[in-house]
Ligand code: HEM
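Only one chain comes next, encoded as structure tokens, the form predicted alone.
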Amino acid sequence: MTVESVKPPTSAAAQASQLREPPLAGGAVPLLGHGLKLVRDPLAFMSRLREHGDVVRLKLGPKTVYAVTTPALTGALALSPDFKIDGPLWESLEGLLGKEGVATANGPRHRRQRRTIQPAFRLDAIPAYGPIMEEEAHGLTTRWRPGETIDCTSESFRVAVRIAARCLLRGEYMDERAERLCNALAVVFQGMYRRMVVPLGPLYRLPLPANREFNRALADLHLLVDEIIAERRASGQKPDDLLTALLEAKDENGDPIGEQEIHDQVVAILTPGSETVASTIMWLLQVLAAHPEHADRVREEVESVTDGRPVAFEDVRKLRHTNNVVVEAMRLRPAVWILTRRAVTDTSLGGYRIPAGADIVYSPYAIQRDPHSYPDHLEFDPDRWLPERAKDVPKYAMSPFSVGNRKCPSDHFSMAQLSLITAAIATKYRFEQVAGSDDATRVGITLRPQRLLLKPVPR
């Protein structure tokens, strides 16, 4: 080491003075800022932000928000202790998720809650759910009738809620509740998205028709969760499941956790989890209809593994192409397309100054469709996830379950059911869209098809 290579440490003040102010994205309008663009065409708006820089300033009403546009910086954001779960997305979701559940908690509370729920999602715990996943996946194929129209929204929610309820809450099949959940979440998540991008506060409390519909749907969601908890308590049963773990959980002082925390935890298990899985199932059905060549490859792969018997949970790890179809569907149509964080201290990101209390937003949808990361970035190509090609995908350019201590605990659980459902239905049916179907993207807090109607055709 030469003397010239040794540099004196740079002071915090000097470092701060070297940081840049992120550029302001164009197109802001008075009062609403960029909120109008985020309402009118949010996916296109977020996808174009990288043209303006790695970090870009946005205006949402009077607030300044920082948008992160590159895979590396989204990974740094998720892993840095300088940022916490908070910001416009989570504030908009508080009416649903509350402030005491694992989805919105931070610090010691979040770590304690993760310890409570993690055993249910350990890799060695997932096979125990296999028979239920198999039964529900094959139940779809036997309930559908050739030539009849399938409403993919209700069917996807039905199977997602049934699997979650039966595996994690040991609940009844809950068909009626699955329908309620589907209808209510469609209204709630769309309303919460509006409240996030156009934060008009008191106006959302006025007795307008849209506000009344939103409040009714939100109340029914919370009522549904209260029914589930009350039924378990009334039964006196204590099966080895996630709901029992919550009812017997202790807080940091060794006391039973409060009723609100139990409620918020069940909400987090049943509502966002069902919404994201159901949305992904809808997109997988759309993929099977739009790309019959890949549906045929799934069927051929399944038959090569099963030799004609019904596909089972134990087969899933052998279904490489089927799993790649699921991953590619999640790349192009991630259920969770926008996420936010909040800076807990004055910090920096990519050489840009981020002040304490600032909100940061990024879009997995935009990151996962970025032409800088993916050749033919808009093409549906499951083979891009073959090992020899996947190694060229930049780190953090595909993180459908997030990373770090906020990584979704149910990632293996979700992937298992998605692959099994895809294998079961593609083996038995081809799919065609019918009159009245609309597979355009409906944007709320999550992405789902507007109204996907399919006709199953026996193979």
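The first residue of the sequence shown is number 1, and the count goes up from there. Predicted model, so just to flag it, every value in this text is computed and none were measured.
Only in words, not in the display: the form predicted together with ligand HEM, which the text now covers.
Options 334 to 342, 181 to 189, 293 to 301, 137 to 145; stretch whose heavy atom lies within 4.5 Å of ligand HEM in the predicted complex: Looking at the partner contacts, the answer comes out as 334 to 342.
Phe413: touches ligand HEM in the predicted complex, heavy atom cutoff 4.5 angstroms: Heavy-atom contact with ligand HEM at 4.5 Å: present for Phe413.
In the predicted complex, Met330 touching ligand HEM (heavy atom, 4.5 Å): Within the cut-off, so yes.
In the predicted complex, His110 touching ligand HEM (heavy atom, 4.5 Å): Although ligand HEM is absent here, His110 would touch it in the predicted complex, with heavy atoms inside 4.5 Å.
Arg406: touches ligand HEM in the predicted complex, heavy atom cutoff 4.5 angstroms: It does: once ligand HEM is placed as it appears in the predicted complex, Arg406 has a heavy atom within 4.5 Å of it.
Residue (of Asn324, Thr276, Thr74, Thr153) lying close to ligand HEM in the predicted complex, criterion heavy atoms within 4.5 Å: Residue within 4.5 Å of the partner: Thr276.
Interface residue in the predicted complex among Leu58, Ala424, Leu418, Met398, criterion: non-hydrogen atom within 4.5 angstroms of ligand HEM: The residue from Leu58, Ala424, Leu418, Met398 that makes the contact is Leu418.
Non-hydrogen atom within 4.5 angstroms of ligand HEM in the predicted complex for each of Phe121, Pro272 and Thr280: Every residue of the candidate spot has a heavy atom within 4.5 Å of ligand HEM in the predicted complex.
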